[in-house]
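Just the one chain here, laid out as structure tokens, in the form predicted on its own.
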Amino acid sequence: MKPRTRWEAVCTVDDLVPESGIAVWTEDGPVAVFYLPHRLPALFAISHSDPFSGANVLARGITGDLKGEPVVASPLYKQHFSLRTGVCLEDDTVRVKTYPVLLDGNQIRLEVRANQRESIAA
């Protein structure tokens, strides 16, 4: 059975910084939201936590493109993570969680697990 999810509003379009990431808090924990206006899709969301250090730093990483893959480089140990799949390009056994992103008017929404009370009520 697929876990219940919901679209959580995490920020507005005005909060986004082109070619960069911002950290937002969700029921799932900290998430890094990236806005790359020259790409389609232009919005990406991955876990904010660097799996190599455990620190919440990925939103502060440098965005780029490696062989057509949109990536963020961790500011600590410089590993590159795909913004589409979450896979580490230097070690494909390591990945960060990715989140579907939705632009809803001026709101940026992420698909996250519904909390237990919402699941029971539904």
Partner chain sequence: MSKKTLIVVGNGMVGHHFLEQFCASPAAADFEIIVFGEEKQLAYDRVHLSEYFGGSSHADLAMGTLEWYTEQGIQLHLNEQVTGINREHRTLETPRGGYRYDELVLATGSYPFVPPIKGNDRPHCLVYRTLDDLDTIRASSEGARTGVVVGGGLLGLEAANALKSLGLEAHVVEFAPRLMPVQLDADGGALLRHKIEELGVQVHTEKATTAITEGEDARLRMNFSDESFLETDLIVFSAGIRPQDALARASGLEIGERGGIVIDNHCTTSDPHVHAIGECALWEQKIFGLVAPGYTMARTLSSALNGDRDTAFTGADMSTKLKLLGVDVGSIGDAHAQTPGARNIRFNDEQAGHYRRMVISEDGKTLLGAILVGDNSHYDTLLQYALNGITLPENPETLILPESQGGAPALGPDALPETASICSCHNVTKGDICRAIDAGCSDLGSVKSETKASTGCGGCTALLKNVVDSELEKRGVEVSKDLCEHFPYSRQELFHLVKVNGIRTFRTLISQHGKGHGCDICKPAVASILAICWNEHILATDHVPLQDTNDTFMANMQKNGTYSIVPRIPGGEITPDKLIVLGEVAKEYDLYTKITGGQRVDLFGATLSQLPEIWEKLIAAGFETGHAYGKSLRTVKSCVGNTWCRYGVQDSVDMAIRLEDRYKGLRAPHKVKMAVSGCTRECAEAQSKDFGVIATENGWNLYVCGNGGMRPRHADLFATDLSDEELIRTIDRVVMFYVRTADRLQRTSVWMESLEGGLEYLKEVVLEDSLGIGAELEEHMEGIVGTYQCEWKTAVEDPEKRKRFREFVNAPSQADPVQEWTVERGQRRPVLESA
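Residue numbers count along the first chain shown, from 1. Every value quoted in this text rests on a predicted model; they were computed, and no experiment measured them.
One more form of this protein exists, namely the form predicted in complex with its partner chain; it is left out here, but the text below deals with it.
Three-residue site I22, P51 and D65 fully in contact with its partner chain in the model of the complex at 4.5 Å by heavy atom: Spot residues vs its partner chain: full contact, yes.
So in the model of the complex, is its partner chain close enough to P30 to count as touching (4.5 Å, heavy atoms)? Result yes; P30 sits at the interface with its partner chain in the model of the complex.
So in the model of the complex, does any heavy atom of R95 sit within 4.5 Å of its partner chain? Flag for R95 set to no.
Is P100 one of the residues lying within 4.5 Å of its partner chain in the model of the complex, judged by heavy atom distances? Close contact is absent here: in the model of the complex, P100 is far from its partner chain, nothing within 4.5 Å, heavy atoms only.
Closest heavy atom of V10 to its partner chain in the model of the complex, within 4.5 Å or not? Yes, V10 is a contact residue.
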